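Shown below, as structure tokens, is a lone chain in the form predicted on its own; questions about how it binds or moves come after it.
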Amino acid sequence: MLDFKIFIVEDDKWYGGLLHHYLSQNPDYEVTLIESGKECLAQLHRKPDLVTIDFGLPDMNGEELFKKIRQALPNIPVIIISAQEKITTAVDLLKMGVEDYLVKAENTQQLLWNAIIRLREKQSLKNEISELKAELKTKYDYSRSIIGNSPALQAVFRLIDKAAGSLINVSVSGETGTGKELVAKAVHYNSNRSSQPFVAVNMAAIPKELVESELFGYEKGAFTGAQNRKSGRFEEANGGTLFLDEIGEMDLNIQSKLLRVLQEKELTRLGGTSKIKLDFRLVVATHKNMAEEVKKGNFREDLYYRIVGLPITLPPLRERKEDILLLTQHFLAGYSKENGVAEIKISPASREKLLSYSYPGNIRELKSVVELAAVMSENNLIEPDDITFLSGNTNDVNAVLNSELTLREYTRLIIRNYLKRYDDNVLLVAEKLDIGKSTIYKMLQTGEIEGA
């Protein structure tokens, strides 16, 4: 472990020696005693991890020295140690960015010791957060998270590069299961907003009557049950990226309010009067043809031109067959790692079977098929009989029907399957199955079924 370098700037040799002796008892600390502000500035090339300053130095006061240290090394923490107890001085210095302000007393050594421990814990936490952010950025680096070498996917990569290098709005379109949210995250985590929030909202999964409060937030007393102020998703995304999935499901009334927010870069919470300034990058996604939705009158034309920005269309898996085996290997590697099992291989006949299928559920369906095959395989080798295709396979449908399930269990199975196929789009599933959307919402809320 590298030594933690501490500069003690103190013109009183006896007191400085006392602090030096006390801190040097920790073998991880490399402590240097300095007697003047000028000498401290001359030593800054050694890049200390902490500087403690006597406020009453003969050649310059602590505030002046702090400002000069901050100019040279903006991130170096500074602790002021002073014989005077004026509260206003301490408050002013802390507002300027001083790490701590200690008054010279009998227990100053112990207070300084504790302050350094807290400082190191805080620095360790900051380093950990930085590492996690770096890992998160790597996780959504499209060379690692969006797998494939097909020409169609390479074209998508080029568009992600263009989007990440600017602040233009991005609209991602493609069939369910093609990876639209992965693209949105790749754009965000490779942009200059990567350290700021990424807030994802699935418009199809929010009941119509709750959309406005969810997006815009509300003040206390705005409606029955609003017992406290709540920030909306727009505010949560401030400084970062707001991802609106299934934007085509947005009600026309909410569309007009979204348009106003995008035009004015501000909003007013429900029940409020104050305008809140916003700065966010918008990424939207849909499985619908939005130009057609505009023609049908389901989507505002002016909003469409506001959000379309840089369009990125994801190809379905059936149009990038050359990526199927790459994705298969990726999913198998992930399965082996998560489950702590040896590498699982796939036989040549199984490869042919995987390549012969059209995957209406796209990448999400392939992942499910591969993971199920891994579970069913023997001796870490997937054979054709281990591979089961659920979509459009009569034999699999018969297998389900031959199971001894209750009517309620069949209902849950069908709804769960449709939610998975249509990316948790409750309204679309309700329309496809000709049932009330409230039935699905209730089953989701009670945990009777789970979304994809």
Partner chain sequence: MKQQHNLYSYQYLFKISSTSPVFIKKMITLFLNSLAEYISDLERLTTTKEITDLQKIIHKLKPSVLSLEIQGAKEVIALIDDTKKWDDAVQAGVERLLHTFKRIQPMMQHDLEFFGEE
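None of these values were measured; they are calculated from a predicted model. Between two forms, the rigid core is defined as the largest C-alpha subset superposing within 1.5 Å. Numbering follows the first chain given and starts at 1.
One more form of this protein, predicted together with the partner chain, exists but is not displayed; see below.
In terms of contact with the partner chain in the predicted bound form, the residue from Gln109, Ser213, Asn202, Asn169 that brings a heavy atom within 4.5 Å is Gln109. The partner chain in the predicted bound form is not approached by Tyr441, whose heavy atoms all lie more than 4.5 angstroms from it. Contact check for Gly17: a heavy atom falls within 4.5 Å of the partner chain in the predicted bound form. The closest heavy atom approach of Pro384 to the partner chain in the predicted bound form falls outside 4.5 Å. Although the partner is absent from this view, Ala83 contacts the partner chain in the predicted bound form, with a non-hydrogen atom inside 4.5 angstroms. With contact defined as any non-hydrogen atom lying within 4.5 angstroms of the partner chain in the predicted bound form, the stretch 360-375 contains no contacting residue. With the core held fixed between the shown form and the other one, Ile254 has its Cα displaced by under 2 Å.
With the core held fixed, the Cα of Gly56 is displaced between the shown form and the other one by 2 Å or more.
A displacement of 2 angstroms or greater separates the C-alpha positions of Tyr101 between the shown form and the other one, with the rigid core held in common.
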